[in-house]
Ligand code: PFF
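In the block that follows, a single chain appears as structure tokens, in the form predicted on its own.
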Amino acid sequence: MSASKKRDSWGSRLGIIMAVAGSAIGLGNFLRFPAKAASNGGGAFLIPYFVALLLLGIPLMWIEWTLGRFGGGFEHGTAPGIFHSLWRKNRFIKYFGIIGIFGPLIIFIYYTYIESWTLAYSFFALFGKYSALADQASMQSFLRAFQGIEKNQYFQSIGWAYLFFLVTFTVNIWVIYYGIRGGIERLCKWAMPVLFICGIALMIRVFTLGAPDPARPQWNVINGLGFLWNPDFSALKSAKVWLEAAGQIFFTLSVGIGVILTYASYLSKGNDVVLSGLTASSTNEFTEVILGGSIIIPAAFIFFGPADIKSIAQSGVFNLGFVTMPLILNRLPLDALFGFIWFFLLFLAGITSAVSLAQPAVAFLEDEFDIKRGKAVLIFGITTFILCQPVIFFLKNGVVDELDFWGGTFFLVLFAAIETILFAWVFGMEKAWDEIHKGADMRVPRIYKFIIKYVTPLFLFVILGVWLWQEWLSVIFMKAVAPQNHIYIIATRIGLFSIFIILAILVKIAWRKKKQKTGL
């Protein structure tokens, strides 16, 4: 990096806390978490959930904040450069860091499109586009027509969905263009408070709902909360429940992706990472467990009762957010207002996450190729816009599910395992412990020295091992994919492999240029 070029930085501690919390708080907090809890033992799910939080989520959070700040001191904002700074003697380690750019890039490609649905439904709610729909089948048909999966009386083409995608994509790129302080931090400082206000307003509305049918007084909010939180301890005997809880922690804290590494790289050496990281994580947990657990499942119980609630909870994230919740809100006074609040809440959760997913790729171009922010964002925007098209037009063929598996599940756990080993074993636990506490406002409990070095990596390898044992062959041979969609999945995998190879070539070129420039 040229001496005249200065890296961007955060304007305040509140700014980075809100940005990291915004990255973590997404659609999964309000849709995925309650569905997983309801389907995996209710209140008992919180036991493996908080075990995973203490042994996996919080250690990884501190690891990534510390690694990011450390790498930023060498003017590296992404995993290839940060990994290289940790283990300079190994010339291959930087290639493992490619996952920290690849994962966020792949997630951004489909997440932005899903984010655009929430913006569209915000407007649909205000203008009563779906207000006359009164059952699951018609609302499902409305969603499928909007997505372009089918044509019916609601939508004849994908035109509306594409229009809102263009608007959403443009807003995301606009925020990213203005950088860390002027774009992302400014967005999160107002978006996160508004999100909390919307969430609390919806929670209060759910808590003040009476039983809609006098003949069924047991269909009330207390029993709705009971359905979600009454523990079924027999579920704890299932390894699947423990794996689901660990997976939810990954999703909810945005660890193992590479985003926190990049965000933390804009800190200075004296900035605290211990308390700031813990504050951002606590904000996310409040949003997920308190707000996310108090809205959609209790409300669905009140209106659909104990017989249907199990199938509703297991119907999938999209059905919960875009089918069940609109049906509930349609039955309330001021349905248009509360429908708008619900979907605007999801939009804010989506955009604060989406812009964080873009930053690693943009930072890579800036830091390793000395490209100015505007040009880096232009390259990123053009590339991702092209890559978004298969997601939009082949949604029904399983492309999103395939991208989500590789970008948002498998490589996420693999990357977390790599960075943990690097941090605790290659960098060295004693040196790592000192690095964590530079500028710290509080001390990390000493037990975490043992947890980070031994328990967290073991936990991660167990997750990977169990998955490889149970699922690997099924995924590779597409056993859960409809035969007519095999060609689309194969094409998606070829595309993913090509993206990874291109990133590897770019890393090689970047380091060759650095070597020629420094003469080392």
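Residue numbers run from 1 along the displayed sequence. Note that the coordinates shown come from a computational prediction; the quantities given were computed from them, not determined experimentally.
A second form of this protein, the form predicted together with this ligand, is not displayed here; the remarks below concern that form.
Query - in the predicted complex, residue 340 touching this ligand (heavy atom, 4.5 Å) - result: Residue 340: no contact with this ligand in the predicted complex.
Requested in this report: With heavy atoms only and a cut-off of 4.5 Å, decide whether residue 111 touches this ligand in the predicted complex.
Outcome: Yes, residue 111 sits close enough to this ligand in the predicted complex that at least one of its heavy atoms falls within 4.5 Å.
Query raised in the report: Might residue 353 be said to contact this ligand in the predicted complex, defining contact as any heavy atom within 4.5 Å?
Result: Flag for residue 353 set to yes.
**Report entry** Contact of residue 35 with this ligand in the predicted complex (heavy atom, 4.5 Å)
**Finding:** Outside the cut-off, so no.
Query - Proximity to this ligand in the predicted complex (heavy atom, within 4.5 Å), stretch among 251-259, 294-302, 141-149, 202-210 - result: Only one stretch qualifies here: 251-259.
**Report entry** Sole residue of 27, 460, 452, 53 within 4.5 Å of this ligand in the predicted complex, by heavy atom
**Finding:** Partner contact (heavy atom, 4.5 Å) among the options: 27.
**Report entry** Candidate from 180, 99, 348, 107 lying within 4.5 Å of this ligand in the predicted complex - any heavy atom
**Finding:** Of 180, 99, 348, 107, the residue with a heavy atom within 4.5 Å of this ligand in the predicted complex is 107.
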